[in-house]
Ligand code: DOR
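In structure tokens, the next block holds one chain alone, the form predicted alone.
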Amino acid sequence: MQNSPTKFTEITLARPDDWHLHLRDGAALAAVLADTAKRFARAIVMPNLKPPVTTVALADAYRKRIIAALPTDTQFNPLMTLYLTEATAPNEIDAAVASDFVHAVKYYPAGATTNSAAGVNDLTNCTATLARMEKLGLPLLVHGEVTDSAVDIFDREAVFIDRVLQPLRRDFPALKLVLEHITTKQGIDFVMAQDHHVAGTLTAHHLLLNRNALFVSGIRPHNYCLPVLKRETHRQALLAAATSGNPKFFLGTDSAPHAKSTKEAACGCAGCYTANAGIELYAQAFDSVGALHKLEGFASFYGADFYGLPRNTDKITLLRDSWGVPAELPYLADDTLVPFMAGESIAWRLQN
């Protein structure tokens, strides 16, 4: 890939990986998997199914369902995670590390987001399990928000850093940790202040939008996600981190499919579906600040390095060729899926 911020008409980069992805299960899985597999070589797959993926045996079964749903002749490796609960035993961590397919454990504060009711209420009840993860080098992936109703929704990430992450780092300084889908300058500053054990993922939708996008000529439910979009000052901090070349930050789409009827509802679901343009959206964000020459490291190298996996050697090419995002995509038999930026244009297209 070129090394200067010139006006690219096309860019070729090592095939990227997605280090934070929701694939769902059953018919929903079958509907969305091809979008990710077309663009990414590997993905860290979230475990918040119903019921959640809490054991290595359940992760193995889920992985087999994902592989069975892949389109013919598609090369894609799902990297599985376990859902942390207060009942997760240290020997489950032993089994995860002994497997060749479980690569992390996901920590959801109970009630923080979709299918997180079985998550953790009190992290001190997980001390033995976290100690085993620290010893064996299995990363903890963190949804970084408090669920205290007294805390303003726009402050929940910053408060989580103070209340939960700082004590966690003090008690387990060698625990590998990823602060996922960072949305605030405080989140960026936290990751940058830590040593090599800590990294962060950034989504395309948080790089491209600020919280005004929730209220353009009315409520925009398909821009609603958790953590929620933040002020423009935070978006600028995220974009600066993503394009900085700092290997502590890497790509994690947090692509989260929800049926149209569950988004356009009185109590709509949180999540943006971005997998249909999973790398193209990042190219648009990086291009907006003349940083396309920094995209390959962020998308293709830094995440693999953090997880101790080999970098991909095959390539993809993106063309500067504007295309219109469909208003809806096929999803379930009785419902559709509205993708991020539906009805709008994206400046970059993946070359077939």
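The model shown is predicted, which means the values in this text are computed figures rather than measured ones. We number the residues from 1 along the sequence you see.
The following text describes the form predicted in complex with the named molecule, which does not appear among the structures shown.
Report the residue, out of L138, L226, A118, V198, that has at least one non-hydrogen atom within 4.5 angstroms of the named molecule in the predicted complex.
When the named molecule is considered in the predicted complex, the option within 4.5 Å is L226.
Given that the named molecule is left out here, which of T85, Q194, Q186, T114 has a heavy atom within 4.5 Å of it in the predicted complex?
Of the candidates T85, Q194, Q186, T114, T114 is the one lying within 4.5 Å of the named molecule in the predicted complex.
Is it the case in the predicted complex that R15, T274 and R349 each bring at least one heavy atom within 4.5 Å of the named molecule?
Not a single residue of the candidate spot has a heavy atom within 4.5 Å of the named molecule in the predicted complex.
Hey, in the predicted complex, is K230 touching the named molecule, heavy atoms inside 4.5 Å?
No - in the predicted complex, heavy atoms of K230 and the named molecule never come within 4.5 Å of each other.
In the predicted complex, is there a heavy atom of the named molecule that lies within 4.5 Å of any heavy atom of E157, even though the partner is absent here?
Contact check for E157: no, nothing within 4.5 Å of the named molecule in the predicted complex.
Though only this chain appears here, would E280 touch the named molecule in the predicted complex if you measure heavy atom gaps against 4.5 Å?
Result no; E280 lies far from the named molecule in the predicted complex.
Heavy atoms within 4.5 Å of the named molecule in the predicted complex: does V178 have any?
Judged by the heavy-atom cut-off of 4.5 Å, V178 is well away from the named molecule in the predicted complex.
Picking from 231 to 239, 255 to 263, 123 to 131, 91 to 99, which part of the chain touches the named molecule in the predicted complex when contact means heavy atoms within 4.5 Å?
Going through the listed ranges, the match is 255 to 263.
Relative to the named molecule in the predicted complex, which residues of 42 to 57 have a heavy atom no more than 4.5 Å away?
Stretch hits: a single one, N48.
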